[in-house]
Every structure is written in structure tokens, then in C-alpha cells.
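What follows is one chain in C-alpha cells, specifically the form predicted on its own.
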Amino acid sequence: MDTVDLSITALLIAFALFIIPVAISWFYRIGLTRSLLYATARMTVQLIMIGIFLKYLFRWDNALLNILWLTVMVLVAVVSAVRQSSMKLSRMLHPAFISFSLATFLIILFFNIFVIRLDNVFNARYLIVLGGMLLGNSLRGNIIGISSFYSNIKRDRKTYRYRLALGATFSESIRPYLRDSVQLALKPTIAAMATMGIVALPGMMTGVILGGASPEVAIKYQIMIMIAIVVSTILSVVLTILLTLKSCFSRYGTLRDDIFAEK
């Protein structure tokens, strides 16, 4: 069975549901009406534009073009993660881009080569779609992990320096903060995995089923993508922290004051 197409009229009917949150926001003076409408309008325009672009990207299916587009996606994700983690972009951009790129490309290529076993590992439908799912789902974890690592060291500055003064190495001093940051970054994903299939049907599985595949196939793809998300999140968080240590700490192991963005 093919996926049922939605007409413009059907989409307008769906938009009518926004009357509910807008009415609640207005009645209780929550103040979300403007931001909600702005986000909805921006989402709609962006999705229409990317829908047109992907249509031709899938039709051309050029390996270099596919890699270039995924690189752009990684760059946008990095900028978003750094800005939302309240860190200076100039300090974090280069190492974060390297870590995000390694985590994303390596995992996608692993699955395309060894799991899905594609003849063309740079196939647009798999490279771009899987890359988008990895980046979208691991983005929140990266924001939490990066921001908590540096903000916790800043907050515990005296304790951190005390460890160094007692003779702890730099690696030993940052280890507790790294551990806590990775735990926080993975908590949302682990919680989602624990209730998946019982509390909610995940997006990947729903999309594959709506695309006409059987539930058995959808389940296999969902398990695959969740494994990829977990590995991508932990790998990108740890790599980003490790690769930014040199630019965020002094030669004496103390945290620099100019790495945080001005509020």
C-alpha cells in the first residue's frame, strides 16, 4: 500500500489545530503565541525548500554532492550545538566540526557497508536521511554534554584547582566532569529506548511503515538507527570535549575565562 498523499487543503486543516495552543497561551498569558507562530512558519518554509532540494538530490544521486550536503548539515548542527551550549563559537567550531564529522560519517558508512550492505554506500536516500536522523537526535545530547562539562568546571573552579594542587594530573582532574557530562547527554536517549514500542512508536519506525514497508522491516531499521544514535551521541560528545581541551584550558590546566559566550 502506497503512502496516502496530503493535499494543501488537508495541511490547512492540520494547521487549524494550532488554535488550541494559541488559545491556551492567550487565555493564561503564557506568551508563546508569537514564538509558536514564528517557529511554525519557519519550519514550514524550511521543509518546503528542503523537500524541493531533496527531490533533485535523490534524482541526481551524485556521491560528491551527497557528501557535500551532509557536510553542510554537520556544520549547521555544530553551530547550533555550540551556540545553545553558551560557548564561544570561535573556540569550539573547528574541533566540534571534526568530532561531529567523524562520528556521523564513520557510523553511517559502517551501517551502509556492513549492515545494510549497499552497492553504493553514498546513496542519497541512505546517506542524507540517516545523517539527518543522527544529527537531529544527537544534537540535544551534545548541547547538554558540552555545556555541562565546561559550566560544571567553572562552577567548581576551586575544587578543580585543588585537585591539581594535590598532584592530580589534568586527565584525572577532568575525568569526573567528563563522566557526568556523558551521563547527562545520554539520559534522554536511554530513557526513550527503555519505553520504545510500549509508550510510543518512534519516528523512524512510523516513517518506514507509512512508506509501505512491513512492521518487521520497520522494527529492524528502528533498532539500527537507535544503536547509531547512541554511538554517535557518546562519540561526538567525548570527541568534542577532548578536542576542545587545548583551546579551552591554559598550559597549566586551568579553565580559560574567555571561552563562554557573553549573555
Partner chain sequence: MIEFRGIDLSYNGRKLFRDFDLSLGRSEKVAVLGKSGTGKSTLFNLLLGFVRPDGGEVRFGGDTVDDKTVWDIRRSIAYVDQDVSIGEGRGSDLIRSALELKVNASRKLPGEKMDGLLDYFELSPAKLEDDITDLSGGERQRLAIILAVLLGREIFLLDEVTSALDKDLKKKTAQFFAGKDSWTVMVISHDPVWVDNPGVSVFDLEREEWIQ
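None of these values were measured; they are calculated from a predicted model. Residue numbers count along the first chain shown, from 1.
Omitted here: the form predicted together with its partner chain. The next part is about that form.
- For the options R161, R83, R125, K187, the one in contact with its partner chain in the predicted complex, meaning a heavy atom within 4.5 Å, is R161.
- Contact check for V72: no non-hydrogen atom falls within 4.5 Å of its partner chain in the predicted complex.
- Its partner chain is not drawn, but in the predicted complex it has no heavy atom within 4.5 Å of T9.
- Within 4.5 Å of some heavy atom of its partner chain in the predicted complex lies at least one heavy atom of Y252.
- Mapping the unseen interface onto this chain, L166 counts among the residues with a heavy atom inside 4.5 Å of its partner chain in the predicted complex.
- Per the 4.5 Å heavy atom criterion, its partner chain in the predicted complex is contacted by stretch 167-175, the sole one of 92-100, 140-148, 127-135, 167-175.
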